[in-house]
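Below you'll find only one chain, the form predicted on its own, shown as structure tokens.
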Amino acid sequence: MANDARTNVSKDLSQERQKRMIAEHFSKLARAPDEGRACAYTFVPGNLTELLNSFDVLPVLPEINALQSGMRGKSRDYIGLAEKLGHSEDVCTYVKCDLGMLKSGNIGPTGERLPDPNLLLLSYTGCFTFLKWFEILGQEYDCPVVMLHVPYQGDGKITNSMRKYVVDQLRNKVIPQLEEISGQPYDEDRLKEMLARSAQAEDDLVYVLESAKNKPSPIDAYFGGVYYIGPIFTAFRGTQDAVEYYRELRAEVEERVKLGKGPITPEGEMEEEKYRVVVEGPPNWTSFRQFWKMFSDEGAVVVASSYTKVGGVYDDGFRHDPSRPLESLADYCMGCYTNLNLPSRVDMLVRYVEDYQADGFLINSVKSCNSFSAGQLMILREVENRTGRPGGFVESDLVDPRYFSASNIKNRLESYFQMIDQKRERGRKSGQGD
């Protein structure tokens, strides 16, 4: 274990490794222009990290820049600047934060400037905001824009024609453009090696996420989960760094299961697990630690979440497959959570509530995120009806601190956990009566 002197909270070695990995990646980005390395701006859902890495093209992810800005207390000023430039209050705050950051020098979380893109690579996976976001960035940068159009899973399944449609775009549009900006030919054998490493890391990630089925859960699959998914959802999928990180993380979690330990929280190790909940929706980043502490103070552990599936629903069985590289990338893009229809999302969340023996289901509705927020009240009713477990609803935002009301959220959470207690008590009395 390593110790964080600022908070006096112990950190697992895997978390220290992850911090070093991400810091090194941002340093690589800062050096990229001088070293002649190409960079592609792209998004987390449906990203083509292995394909980019096979060309030695460095990925830059605007959502990650925005959430990092939120956690560092810089998003308020960035958003304010974007709104002064004419962007509406109702626009996704990730977009406004990213634009404000760009206009303020594009300084990344390590204090170094991010490079201008050589390519804007848009993988459309269910979030229509991405389209407008890259349209705006296309006006700011002198570089090509390539859109990989990913069919929506309207019927809840991937067909051969959908797969072929994506593969054809990869062959005829994406790969030629990557060859042009990198000066390297497409190397399918190298891509296959990376996909094999991805599958290896994905196996270990699924073990970690499914370890929450234990009682007590050794992890928090929402707040803690955002650290676990970081490398595989961003710049490291397909790398040996990712393989080693997830191997180390799995070993740590296996040890926690063996010892019957609960998750690490902002205040250290949780002593008693009182509530097990499933959470839908992204977290708030500007008050991330405070939000997490509201749960841990109540003894509430998030045992499964939809947010940790935005970059891949691996616990449904999908793995990147080196034997069919481009088809596998196509399936990955189409299978991200934001590209699933509402019935599929409900089915997934119901399964989580039941398989992880959750006491309830909670939604964090994000004001400016239509991709998640659309249909959430319907999802809440359906999950409640099908599982019989109580649902709860809180509201915040991604990176706009104006829409995080700590007292309001705390009151709602306290009321929600009291509702779970009351339901338990009624069940206990009913059992005694029988």
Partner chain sequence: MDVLKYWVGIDLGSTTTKAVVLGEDQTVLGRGITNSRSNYDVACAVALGEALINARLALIASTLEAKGFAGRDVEELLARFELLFREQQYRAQLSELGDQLNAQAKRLKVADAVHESVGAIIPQMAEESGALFTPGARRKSDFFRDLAGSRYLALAEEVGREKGASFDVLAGLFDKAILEVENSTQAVGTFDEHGRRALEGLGGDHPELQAAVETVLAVDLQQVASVGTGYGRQRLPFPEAMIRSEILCHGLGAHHMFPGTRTVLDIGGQDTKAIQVDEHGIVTSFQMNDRCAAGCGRYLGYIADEMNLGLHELGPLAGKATRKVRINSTCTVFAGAELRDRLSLGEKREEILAGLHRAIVLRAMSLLARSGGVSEEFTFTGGVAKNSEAVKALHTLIEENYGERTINISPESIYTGALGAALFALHEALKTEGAAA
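All figures in this text were calculated on a predicted structure; none of them were measured in a lab. Residue numbers count along the first chain shown, from 1.
Keep in mind that the form predicted in complex with its partner chain is not shown, yet the notes after this line are about it.
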{"query": "One stretch from 403 to 411, 30 to 38, 49 to 57, 66 to 74 that, in the model of the complex, holds residues within 4.5 Å of its partner chain by heavy atom", "finding": "403 to 411"}
{"query": "Three-residue site Phe318, Asp321 and Ser323 fully in contact with its partner chain in the model of the complex at 4.5 Å by heavy atom", "finding": "no"}
{"query": "Glu24, heavy atom within 4.5 angstroms of its partner chain in the model of the complex", "finding": "no"}
{"query": "Exercise: Leu61 in contact with its partner chain in the model of the complex, heavy atom 4.5 Å", "finding": "no"}
{"query": "Contact test in the model of the complex: Met419 vs its partner chain, heavy atoms, 4.5 Å", "finding": "yes"}
{"query": "Contact label in the model of the complex: Lys19 to its partner chain, heavy atom within 4.5 Å", "finding": "no"}
